[in-house]
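Presented as C-alpha cells, the chain that follows is alone, the form predicted on its own.
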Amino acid sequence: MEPFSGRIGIVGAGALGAFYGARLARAGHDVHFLMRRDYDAVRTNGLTVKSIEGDFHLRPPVYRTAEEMGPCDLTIVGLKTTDNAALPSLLRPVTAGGGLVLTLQNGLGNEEAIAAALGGGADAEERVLGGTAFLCSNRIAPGVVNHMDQGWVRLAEFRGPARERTHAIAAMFTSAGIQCEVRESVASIRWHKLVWNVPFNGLGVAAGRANTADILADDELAPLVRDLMGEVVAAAESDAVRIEPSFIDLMIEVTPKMGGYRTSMQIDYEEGRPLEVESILGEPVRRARKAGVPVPRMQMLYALVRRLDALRRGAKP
C-alpha cells in the first residue's frame, strides 16, 4: 500500500500534534502547522523534538489562522477536547476542498464532534476517521516537544469498515517510523485507550498531582488503578466493545517504563487550564449509566475531577 500523499494540516500542534506532524514532515510529507501560542517561537527558531528515538529539528510552514493555512487533503486534529467549540471555525477553511479529517483526540464523542463541525449528515461522516495515540510526550518550551516513550497509533473509519484510504494513512505514519495499525471499529480503539486514560488521567488530578510512578507506588492507589480499568472494560462491553482482561495486565505492565510521567490532564490542572474531564471521564460514565452498568469508582472519580476542574477555573462546581 502506497502511503497517503497530499497536503497535510495539523490543527492542535501541542505535544501530540507537533510530535506526529514533525515526524511526518521529517519523512518528507507535505505538513503544515496551525499554531497559536507557539507560532512566534516556531516561525523564528523552528520546531525541536527531543526523543528517545533521536532528537531532530526542522522549520515547517506555520500559520496563525486556519484561513492562512488553507485547504488540506488531510487534517489531523490534536486539539484538546476542551477546545471543540472552535472546531467549526477551524475546520471550515482547511477542509473547504472536501478534505479528510483524522481526530487523534482523547476520550469519546470526538468523531461526532468533527462530523458536526463539517456540517453533519452522511456526507460529513464520510470524511471523518478516528484514531488513538498512545504517546508519552510533553511540550517543555515554546516550539520544543519532549518524547519520552511509546508513540503508536491505531486508526479506524468513523463509519463502516477500513478502506483503502485508511490503510494509506496508516502507511503514511509507518513511513515516518510510527507504528500504526488499522482497526475495524473506532469505538474499540477509543475504549481500549480509556482503559489507561481513565485511571491515570483521573487519579493524576484527584490524588493530588500524582504522576504515574506516584500512583503505582501507593499501596491504596495502585489496586484502584486495576479496579478502575475493570470498570472501563465493563462499560466498553455495554457499548459492544470486547476488551480482553489480559489488556489490563498489559497496560499496568507498560506504565512503569514511562517513569514519573505526568499525564496531559495532570499538567493542565497544575497549569490552570481546563481539563478534558467530559470526554475522558464524563462520557464513559454516561454511556455506562445509560446501559445500566454500575461503575461506582469511575463515577466518583468523575465527580471529584469535575469539581476540582471547576474550582480551579473559578467556575461554579
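So that the term is clear: the rigid core is the largest set of C-alpha atoms that superpose within 1.5 Å between two forms. In this text, residue numbers run from 1 along the sequence as written. Bear in mind that the values here come from a model prediction, so they are computed numbers and not experimental data.
The protein also exists as the form predicted together with a further copy of the same chain; that form is not presented, and the subsequent description refers to it.
For the options 25, 293, 15, 308, the residue carrying a heavy atom within 4.5 angstroms of a further copy of the same chain in the predicted complex is 308.
Checking 176, 100, 207, 79 against a further copy of the same chain in the predicted complex, a heavy atom within 4.5 Å turns up for just one residue: 207. The candidate site formed by 203, 220 and 300 is fully in contact with a further copy of the same chain in the predicted complex, as each residue has a non-hydrogen atom within 4.5 angstroms of it. The closest heavy atom approach of residue 239 to a further copy of the same chain in the predicted complex falls outside 4.5 Å. Residue contact with a further copy of the same chain in the predicted complex: residue 224 places a heavy atom within 4.5 Å of it.
Residue contact with a further copy of the same chain in the predicted complex: residue 289 places a heavy atom within 4.5 Å of it. The closest heavy atom approach of residue 157 to a further copy of the same chain in the predicted complex falls outside 4.5 Å.
Only one segment in the set 158 to 166, 212 to 220, 106 to 114, 127 to 135 has residues whose heavy atoms sit within 4.5 Å of a further copy of the same chain in the predicted complex; it is 212 to 220. When two forms of a protein are overlaid on their rigid core, residues whose CA moves 2 Å or more are considered shifted, and residue 156 is not one of them between the shown form and the other one. Relative to the superposed core, residue 18 undergoes a C-alpha shift smaller than 2 Å between the shown form and the other one.
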